[in-house]
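We begin with a single chain expressed as structure tokens, specifically the form predicted on its own.
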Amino acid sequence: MSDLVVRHVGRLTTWAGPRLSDAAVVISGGVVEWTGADRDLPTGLSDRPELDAEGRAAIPGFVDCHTHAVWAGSRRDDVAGRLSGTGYNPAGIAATVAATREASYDDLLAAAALRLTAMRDGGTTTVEIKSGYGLTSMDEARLLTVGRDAAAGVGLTAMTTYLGAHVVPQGREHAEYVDSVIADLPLAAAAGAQWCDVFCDDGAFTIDDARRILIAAGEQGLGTRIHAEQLTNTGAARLAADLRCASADHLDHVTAADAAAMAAAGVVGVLVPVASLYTRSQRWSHAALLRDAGVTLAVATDCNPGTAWCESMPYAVQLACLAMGLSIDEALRAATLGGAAALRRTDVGHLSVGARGDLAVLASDHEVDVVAHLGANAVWSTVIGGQPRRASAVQP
């Protein structure tokens, strides 16, 4: 956590009020102390390190609230198969589980660090990281540890999620495995998990399974979230509302009634447009349905090896706009404030006084170019807790 003055920001988005032109941000001890016009910069800051944005735009750092960033092996065959018409491969997760179990801690850490570095360089400052590719007590705990250590190593703020209920592993009986997921909740919490998630869908876990697991997780002090309505409508979104989960994620097959229940319960709807593209489901209309129902929206990458191998929040924002039809401000809010709401964080996703000093200085002088300029590197510098993590000009 550092002191920093970010100067000459062409357009500054804070979400605390109107955008500011030719602005500055003062960060003290990693926390936003002041924002305003550069010409009004407070005195007495001459000894602070400065980052000159040189007229570039800046926004709050992205909050990627749904990732599976720790895995080993490759799922390239799944991609090739989908392109040849075979569709979604439910056995793909099992292949990743086998490779991940065989990998050493150091190998998993190195692979995760590369992905998380790419996220950070794309403007992500806070990330949620799920387990789910171990599916034994010790392997799940190891993945939670790897995720936390990898994020710390590259400077990201991380929250970790226990996803023992990803799929039933090969050779395990369904009901017995659900019992073991519940029994392992204290171990997951001891390994640093702050959340519990369940993949509730066709071929995964049932509504009754999810209810049992999530209620038990809440009793252990873990927050709850759920993979819901990705492959078909199961009632998982309504369950999220009934249990007041922090978020329901995917939601490709959500209904208007489900959306209304989520909005009333304060459940954040996490959009993962990369997965909709990657799996070729081509389902986009649920974004507008959720928005129109009053659901708080988040946008996340869903970074994973089989259905969304993508570390880029700018790319997820582009798809949220160009495919799902959100406006640019709606998508940027969802990728910052919305992600923070999904993680129940009030200190990130915005640049109000008192927030963490997390921001993305864009490569352009206007935030619209995040969406308008496809295939480009959208971020010039990522600042986390007042520390520039990628920049060409930091002056003492």
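What you see is a predicted model, and the numbers here were worked out from it, not measured in a lab. One rule holds for the numbers: they count along the sequence shown, beginning at 1.
What follows is about the form predicted together with N-(iminomethyl)-L-glutamic acid (NIG), which we do not show.
With the partner omitted here, the stretch from 256-264, 177-185, 227-235, 291-299 that lies within 4.5 Å of N-(iminomethyl)-L-glutamic acid (NIG) by heavy atoms in the model of the complex is 227-235. This chain is drawn without N-(iminomethyl)-L-glutamic acid (NIG); in the model of the complex, the residue among T307, T125, S247, T161 with a heavy atom within 4.5 Å of it is T307. The partner is absent here, but in the model of the complex a heavy atom of I93, alone among A141, A151, L108, I93, sits within 4.5 Å of N-(iminomethyl)-L-glutamic acid (NIG).
Each of H68, Y88 and H166 is positioned with at least one heavy atom within 4.5 Å of N-(iminomethyl)-L-glutamic acid (NIG) in the model of the complex. Shown alone here, F199 lies within 4.5 Å of N-(iminomethyl)-L-glutamic acid (NIG) in the model of the complex, counting heavy atoms only.
Using a 4.5 Å cutoff between non-hydrogen atoms, F205 does not count as a contact of N-(iminomethyl)-L-glutamic acid (NIG) in the model of the complex. The closest non-hydrogen atom of R120 lies beyond 4.5 Å of N-(iminomethyl)-L-glutamic acid (NIG) in the model of the complex.
Contact between R115 and N-(iminomethyl)-L-glutamic acid (NIG) in the model of the complex is not found at the 4.5 Å heavy atom cutoff.
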